[in-house]
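Before any questions on binding or motion, here is one chain by itself as structure tokens, the form predicted on its own.
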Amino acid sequence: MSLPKNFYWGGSASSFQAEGAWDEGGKGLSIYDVRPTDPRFSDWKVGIDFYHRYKEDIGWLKKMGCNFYRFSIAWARVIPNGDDEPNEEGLQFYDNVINELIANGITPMICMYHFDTPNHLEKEYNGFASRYVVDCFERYARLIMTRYGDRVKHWMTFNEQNLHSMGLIYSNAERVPEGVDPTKFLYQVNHNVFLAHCKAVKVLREVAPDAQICGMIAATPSYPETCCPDDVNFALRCNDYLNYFHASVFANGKYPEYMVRYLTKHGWMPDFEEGDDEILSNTVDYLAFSYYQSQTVKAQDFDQQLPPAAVAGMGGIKNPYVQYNEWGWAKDAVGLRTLMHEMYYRFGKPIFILENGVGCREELPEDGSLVQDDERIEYHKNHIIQMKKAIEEDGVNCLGYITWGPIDILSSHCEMAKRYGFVFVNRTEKDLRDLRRVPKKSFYWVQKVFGSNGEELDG
């Protein structure tokens, strides 16, 4: 058995972590342009300068053997305030990126939102706390789907959408109204994001009916600490509340009954307006996820008035059977196979791995030799082996294996030292240096893997 011939191999990156050019080309302010960053790290102004170097970087992706690339559109680059007139220069930039990808034999996927609300919509309307912003997102979706739908046949709405039920920062809706239960407000904002997602699905069906769209989660499967029934049940409920709630809405077009009962019991069920049920019924073509690690938990009490992510965090313990990287993330390749099996057979939709990788601290050798990133090679090799088992032995329908940040970018906390790429970008937290791109040892390894459709995995 082998992987399908049309299997996708490639990379993902977000606009604010890669593009730079924060105030060029008519772009408006994003929340990331005004939100303070950790003073130990960088800022978002330059990133890796993909805005000016996109042709070079797409050339590296081609050399790497990528046949797929997921990038996000900066909402504020194409509609500067989020609700004003479109910016033609910004729209043309993404035209250029899409055309360059296609010219290099790389299938593009657009992520519409990677936590980067236009600052005007956050400042004036409290982000996705407002249904006005939901309507703005629908208008934004129609603009870019109409513009790019003739060439872009894979779409996703919100990056790691389940995080919107774990923290208001992801929806840029951090001002909780006085007298409102913060967790009730959190789930109301999360509901609004569901509506925005489903409205975008409906728009795509209208303007590009031959294209496909997915919902995406940040999947962190939970294991029970022991075979004690309480631990097993707690881990199951962690998976339901934190992972499968969103996947269920994406696939089935409604809230799962276990979530309705849980939220109602705690007084957190969001308020539905007339027509919301019909909007939610717009389902996806496949399910996508990021996978970096698993977590291990011991039983806690979900009946307390704390959001489920907080309760799960209280139950978290270190797993003695896996290794951890410098940032405390469990390296668990078998967890990927388990997750793929569960997602596919629970929901009956094809799945797509849209982010996988490991962050490592690296320096460019002064003698001109390769960055020796054997840890990265071993990480991806182990995960690809387990992915292949899920596909070839378990029968999972998986569209592709997409890595995070195949060319080094700033991490989600604006930390350049945490590198994921197969290509080194010559900059530090504060020193931009020359931003030169230099292939690492893993670059030549992944070239063989992608080029052989996953058959050649030895270093």
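A residue's number is simply how far along the shown sequence it sits, counting from 1. Computed from a predicted model, the values in this text were never measured in an experiment.
Missing here is the form predicted in complex with a small molecule; even so, the following discussion is about that form.
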property: Of H114, H164, K349, R376, the one that lies within 4.5 Å of the small molecule in the predicted complex (heavy atoms); result: H114
property: Residue among K63, H413, R40, K45 with a heavy atom within 4.5 Å of the small molecule in the predicted complex; result: H413
property: is_contact(S72, the small molecule) in the predicted complex, heavy atom dist at most 4.5 Å; result: no
property: Non-hydrogen atom contact F302 with the small molecule in the predicted complex at 4.5 angstroms; result: no
property: Contact of D332 with the small molecule in the predicted complex (heavy atom, 4.5 Å); result: no
property: 4.5 Å heavy atom contact, F424 to the small molecule in the predicted complex; result: no
property: Heavy atom contact within 4.5 Å of the small molecule in the predicted complex, the stretch among 390-398, 405-413, 426-434, 45-53; result: 405-413
